[in-house]
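The chain below stands alone, shown as structure tokens; this is the form predicted alone.
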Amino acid sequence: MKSFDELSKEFVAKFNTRHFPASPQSLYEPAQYFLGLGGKRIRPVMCLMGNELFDEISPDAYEVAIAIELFHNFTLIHDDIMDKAPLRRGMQTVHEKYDEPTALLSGDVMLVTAYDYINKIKLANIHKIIHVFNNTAKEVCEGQQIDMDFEKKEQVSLPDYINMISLKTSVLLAASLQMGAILGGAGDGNQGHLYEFGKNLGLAFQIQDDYLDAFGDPAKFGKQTGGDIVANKKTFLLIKAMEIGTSAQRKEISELIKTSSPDKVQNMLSIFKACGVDEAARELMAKYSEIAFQHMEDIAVMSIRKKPLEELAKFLVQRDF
């Protein structure tokens, strides 16, 4: 059984090639440029790990993993346009470096190319894979739309937020594992447990990300403290504070959202701590982690085969607080 790092190196070696024709250059160069910005490649490697959980990794798993990574990058190009983001991984976004119409088309052609890779797999699995892939792609779009809808709302409920991050973030992790499992010959029960493992792991990771943005050590995580607060993002912390805070605290939060004061972040963090939402975030993250590991426990394969995925999960959700 290979570790995430070992499989990551194998995947990157296969992925770091040219996926598009040379012409028209104005369409394909921006797409290749964006792929060259790198990334953690977590989702495609999870597909390989989902495959290896049940069998030796098949050549088809690499084709599907490449399709997953192309789809993920397609969503990032379009997200950057919607967010008007100037940078991605410290480099110019496609719409900034070129223009918005080019970025839209480059993202589109990336998605189409993803289907070319799926089309290379054995016919026995192609219908199942396309069904999971398409359903997940639709859900990711739903999550992005709901997230944009949140920007226009003054208040968002916690269940609505969990649903949004599940669709926008978790389902692609879950589906990547499931598609690998399908190619490894897993039955429906094992596929279901693996999917729920990935989905709950994704929820734990996102809640933790919300927490670390506010309370993490910038030196460790490379992020500005309170970046989400500055951007007025409706994170778990903000939503929970508006739900459980006193009327005075809720009023202060509403006023802070409208300002760009230098003390905004520190004042908001003080309210979060006074409300106890920092502890609530840790508790919810632990809850989703526990559910994820229970589903992993219920997968009917030898424990030794589960080790790489368990180690990856612990790495993702047990970063230092």
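Throughout, we count residues from 1 along the sequence that is shown. Everything numeric here is computed off the predicted structure, so don't read it as measured data.
There is also a form predicted together with a further copy of the same chain; it is not shown, and the following applies to it.
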{"item": "Non-hydrogen atom contact residue 101 with a further copy of the same chain in the model of the complex at 4.5 angstroms", "value": "yes"}
{"item": "Partner contact for residue 144 in the model of the complex: a further copy of the same chain, 4.5 angstroms, heavy atom", "value": "yes"}
{"item": "4.5 Å heavy atom contact, residue 28 to a further copy of the same chain in the model of the complex", "value": "yes"}
{"item": "Touches a further copy of the same chain in the model of the complex: residue 87 (any heavy atom, 4.5 Å)", "value": "no"}
{"item": "Contact assignment for a further copy of the same chain in the model of the complex, among 162, 126, 91, 230, heavy atom within 4.5 Å", "value": "126"}
{"item": "One residue of 249, 166, 155, 113 in contact with a further copy of the same chain, assessed in the model of the complex (non-hydrogen atom, 4.5 angstroms)", "value": "113"}
{"item": "Segment that reaches a further copy of the same chain in the model of the complex - one of 168-176, 133-141, 198-206, 240-248, heavy atoms within 4.5 Å", "value": "133-141"}
{"item": "Joint contact, 24, 105 and 109 to a further copy of the same chain in the model of the complex, by non-hydrogen atom at 4.5 Å", "value": "yes"}
{"item": "Sequence-ordered residues of 62-100 touching a further copy of the same chain in the model of the complex, heavy atom within 4.5 Å", "value": "74, 78, 81, 82, 99, 100"}
